[in-house]
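Shown next as structure tokens: one chain only, the form predicted on its own.
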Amino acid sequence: MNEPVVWLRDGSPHSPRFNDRYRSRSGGVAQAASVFLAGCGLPRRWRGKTEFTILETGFGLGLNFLTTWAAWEADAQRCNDLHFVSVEAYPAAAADIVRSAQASNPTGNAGAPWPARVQALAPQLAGAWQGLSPGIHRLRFAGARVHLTLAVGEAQTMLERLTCEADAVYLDGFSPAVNPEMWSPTTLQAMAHRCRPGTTLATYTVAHSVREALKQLGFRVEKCQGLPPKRHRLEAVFSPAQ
């Protein structure tokens, strides 16, 4: 069964399960571009590479994936193959993925000219969004150059099952206050096991527990200016002790 999504009067998607919004009030494309892509040094870091792998915790309505795909498509120096690996315990319906892309508000999004392209790509994602039962699903787009691996299940369990090595991590999901298991030390440790020295990480939360857990796992963590209305966000680099 698909996860219910409630659409608020301002057009924002809301989760009844977690009583939280799926994205920033500034808009999903703005959040994806300024918090996650820019926070991980993209598109610069994938340029000239044969392949590049992004690991995400919390696929949600897919806007991080769609914005990353649009940014990759627009970059003449892009890597040959983009691998996007995401975990999601409660997949939403394909119709909500399309509606989310259409409703995403680019206000305040000075760094990304991709909202229209995100809207155009969403139906391709929705068209492949079939039979997402628990387990690992592999979808391919853009002439099989954009690879989406979606691990459906609880975050820690699915992260432990994955075998990828991430170049960048989008640490997403509902707020630690309402979804603490997503941000628990054991879940973050399972995420860190998919990283290598130099892996970049970005997240919207600056919760003290998350910062300290990342430091304990070997990340160098920096608090940065956030996307309004949030004051701060985090950038990190995996640099474990040798």
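Each residue number is its position in the shown sequence, starting from 1. Predicted model only: the values in this text are computed from it and were never measured.
The same protein also has a form predicted together with a small molecule, omitted here; what follows describes it.
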Each of Leu61, Glu154 and Asn179 having a non-hydrogen atom within 4.5 Å of the small molecule in the predicted bound form: is that the case here? yes
The small molecule contact at Leu162 in the predicted bound form, heavy atom, 4.5 Å: no
Does any heavy atom of Asp167 come within 4.5 Å of a heavy atom of the small molecule in the predicted bound form? no
Would Asp96 count as touching the small molecule in the predicted bound form under a 4.5 Å heavy atom rule? no
Heavy atom of Gly39 within 4.5 Å of the small molecule in the predicted bound form: no
Within 4.5 angstroms, counting heavy atoms, which one of the listed stretches 134-142, 70-78, 167-175, 117-125 is next to the small molecule in the predicted bound form? 167-175
